[in-house]
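Single chain ahead, written as structure tokens, the form predicted on its own.
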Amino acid sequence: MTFSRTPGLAAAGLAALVCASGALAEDITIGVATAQTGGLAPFDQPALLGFRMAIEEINAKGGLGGSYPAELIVKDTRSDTAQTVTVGQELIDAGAQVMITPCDADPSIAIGQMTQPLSIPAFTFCGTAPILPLAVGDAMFGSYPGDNLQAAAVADLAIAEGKKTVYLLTSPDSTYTANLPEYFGIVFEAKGGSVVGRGSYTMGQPDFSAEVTKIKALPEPPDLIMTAAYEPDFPAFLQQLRAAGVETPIYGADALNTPTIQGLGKLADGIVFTAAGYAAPGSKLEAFNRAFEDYAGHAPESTYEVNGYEIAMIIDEAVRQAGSTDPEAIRAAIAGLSDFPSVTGSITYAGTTGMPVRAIALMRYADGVAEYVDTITPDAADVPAP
């Protein structure tokens, strides 16, 4: 694979590549409906930057599959589902043959229900709800580890570390915040742990005092708190929990892998989260991170950047196998990929419902620095059904 060290190569400028026959190369239009503003922007934007980097490299080598230059049309969803629908229709009208959707299930489902009847393959940048492809159909794909896969990995770690009891904190306001902790609870209990309490919050609420009081009132402090809360909710909850003197470790998932959480410093000590990979010395991910820093002028903030890069790699391989710009042919090729060698490890779609089988890195914060704990591929029998 190639990691470009030359930024700024415009995809659109390569749309006029000439084939060996002298004819203009047929390009593939990729519609990118992602949050450039709003609550999803901290997740969508790093992924978009990695995606752009890969597309520029691919276009420099002749285009997707080596033959079809990619043209990106990027529109801001503003982290709003209604705006996402509007943007999705605009991109379909502009001729999108592949669609990229936000890092969240709800807006991704909204677009997927528009692209599915047209057999346009759609990728969520880092949406992790395993129900996402099931809610849309066979043209919808995830790339980041699914919520149930992440939850199983985190539960495996908790059991291995001797944790016996957990308090689950959920919000019904998104599939991610509602379901991921419950998936954890299913695996944790199946392996001998106990759920000793449950709490709920409204996304965007600034006051978590009621939840903090409930946790403090438990007969015995739980061994850990499991939540899929993310910013701004998670920092608010953490600050109020620690201010109340509750030092219970908190385990979460990929949404805690952001500069905001890192910036909490020692307050975030002990927080466990998941990532798509770990940049071990000499690994492909370490090489990617160096190349990305040259490309973007700053180091990756998370593994969302490499995830965006990998989505472009997957599309490139699917177009190569399809040998066509036809959306249905590309969709079928994606669905058949098995052990595809990406930056963070192999990715498989064959035999799945659209969420990939892949390894999960587990990390823990110490003084604002994410330290590697382990890499786990959960046993398929342990992963809760969506």
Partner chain sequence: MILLQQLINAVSLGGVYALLALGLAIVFSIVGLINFAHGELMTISGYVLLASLAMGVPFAASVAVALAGAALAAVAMERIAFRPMRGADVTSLLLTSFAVSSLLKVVFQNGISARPQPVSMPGWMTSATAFGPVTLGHGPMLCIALSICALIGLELFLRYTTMGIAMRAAAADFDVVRLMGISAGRIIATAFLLSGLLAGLAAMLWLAQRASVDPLMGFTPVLKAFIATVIGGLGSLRGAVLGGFLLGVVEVLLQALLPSDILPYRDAIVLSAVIAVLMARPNGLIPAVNAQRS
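Numbering follows the first chain given and starts at 1. Bear in mind the structure is a predicted one, so any value in this text is a computation, not a measurement.
Another form exists, predicted together with its partner chain; not displayed. Remarks below refer to it.
For the three residues 210, 235 and 301, a heavy atom within 4.5 Å of its partner chain turns up in the model of the complex in every case. The stretch in contact with its partner chain in the model of the complex, judged by heavy atoms within 4.5 Å, is 226-234, chosen from 120-128, 187-195, 226-234, 143-151. For the residues 336, 38, 323, 62, the 4.5 Å heavy atom test against its partner chain in the model of the complex is passed only by 38. In summary, among the residues 327, 345, 69, 42, the only one with a non-hydrogen atom within 4.5 Å of its partner chain in the model of the complex is 42.
Of the heavy atoms in residue 175, none are within 4.5 Å of its partner chain in the model of the complex. Interface residue remark: residue 259 is counted as part of the site for its partner chain in the model of the complex, having a heavy atom within 4.5 Å. The shortest heavy atom separation between residue 264 and its partner chain in the model of the complex is within 4.5 Å. A residue is said to contact a partner when one of its heavy atoms sits within 4.5 Å of a partner heavy atom; residue 50 fails this definition for its partner chain in the model of the complex, lying far away.
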